[in-house]
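There is one chain below, alone, in structure tokens, taken in the form predicted on its own.
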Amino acid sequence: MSKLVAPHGGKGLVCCKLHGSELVAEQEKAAGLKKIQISARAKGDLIMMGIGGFSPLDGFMTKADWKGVCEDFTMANGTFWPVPITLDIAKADADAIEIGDEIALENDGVVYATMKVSEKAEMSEADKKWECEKVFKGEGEESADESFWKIAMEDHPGVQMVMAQKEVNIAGPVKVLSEGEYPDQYKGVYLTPAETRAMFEERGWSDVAALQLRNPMHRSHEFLAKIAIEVCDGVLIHSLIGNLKPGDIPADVRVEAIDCLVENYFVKDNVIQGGYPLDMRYAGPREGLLHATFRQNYGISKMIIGRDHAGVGDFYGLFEAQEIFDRIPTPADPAKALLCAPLKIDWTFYCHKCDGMASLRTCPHGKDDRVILSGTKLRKALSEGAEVVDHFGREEVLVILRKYYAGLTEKVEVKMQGAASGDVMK
């Protein structure tokens, strides 16, 4: 009997990927089906359904699921879920499909899945705006009623993504045929929920924390992971290896940097590095909940949530991603509830007077004594060739990052927000 937290939804790991003769037969059938081109985001969602990362989902959400998730954090059957997982297609494609039809879902020449269409739902501009306001609007100054839509269409990649979606959402169960490039390109880092669970069991872990990363690890990330190691059996450093926004550091560079940090500054028996194939949605607090939800499927019982988790710009309050865990519904069926709890950690930094890493809960000193750490601040310094201040990152890691930036021929401006700069710190 496993001591790890159960997969989300009460159905065990729901893995939609086919294998063996079933896979071969479905691939042959897919060759004769109508092909629908899907986004990179949908590709990642399909792979997560394939490997059980999105358990209990076995396909894209219906309009009722979409509405329930946006409004009440629950799907139509009462299962907790924080962010819509939908598939948008052009109206012309939707008009050529009948309910009950099977179609092939293709991205960049690869058929990732077949799908039996159970529903077609038109998504008006008003529907998309409503989704954005429910999912992406936060408590930060850029989410104020008078400024949200003025700023979001220019500076919020999550809002831009939803508003650019096509006219119709289709729903239905899927049979996943491919995990794409991830097993080969990120061999040993790309891990399925079954694999992480087996690794945790082998090490005798039952209470496991996850550190979400979309930036290279700086000293604050390292500190968060080590706090979790002190209070849990071990930590999964879990990097997003899908698509990011322009200016973010690509996955292969981040993986190399994390390997270097783990090799030199961690007890290896207490930490595992892994990657997962999603694109960022930049949904701030809602995405923090999504990170906890699918991490539960990986066997994670604690999700590290620090300052401005999954944030973008100044759309969210500094600790809104922690506070939202206290407001989510508890379904009547415990198996449908979120069981992965937040490990809430205050703003962390290096303090010269403390002579080490600290947080607002432990350090009595002022802003002038602190080195404010953030991924955005690090990326901005590196992209501009500026000096990285002492105690911001480990020198071995900075060597890797400087090499990456030196090789760029085209650079993207990195915008600073209040949380990243430290201007909002008291």
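Owing to the predicted nature of the structure, the values given are computational and were not obtained by experimental measurement. Just count from 1 along the sequence shown to find any residue number.
What comes next is about the form predicted together with another copy of the chain, which is not displayed.
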| item | value |
| --- | --- |
| Per-stretch contact check against another copy of the chain in the predicted complex, the hit in 290 to 298, 114 to 122, 327 to 335, 260 to 268 (non-hydrogen atom, 4.5 angstroms) | 260 to 268 |
| Asp355, heavy atom within 4.5 angstroms of another copy of the chain in the predicted complex | yes |
| Proximity of Asp233 to another copy of the chain in the predicted complex, heavy atoms at 4.5 Å | yes |
| Contact flag, Ser359 vs another copy of the chain in the predicted complex, heavy atom cut 4.5 Å | yes |
| Arg379, heavy atom within 4.5 angstroms of another copy of the chain in the predicted complex | no |
| Sole residue of Ile97, Val255, Ile151, Ile229 within 4.5 Å of another copy of the chain in the predicted complex, by heavy atom | Ile229 |
| In the predicted complex, the one of Lys137, Arg214, Arg219, Arg281 near another copy of the chain [non-hydrogen atom within 4.5 angstroms] | Arg219 |
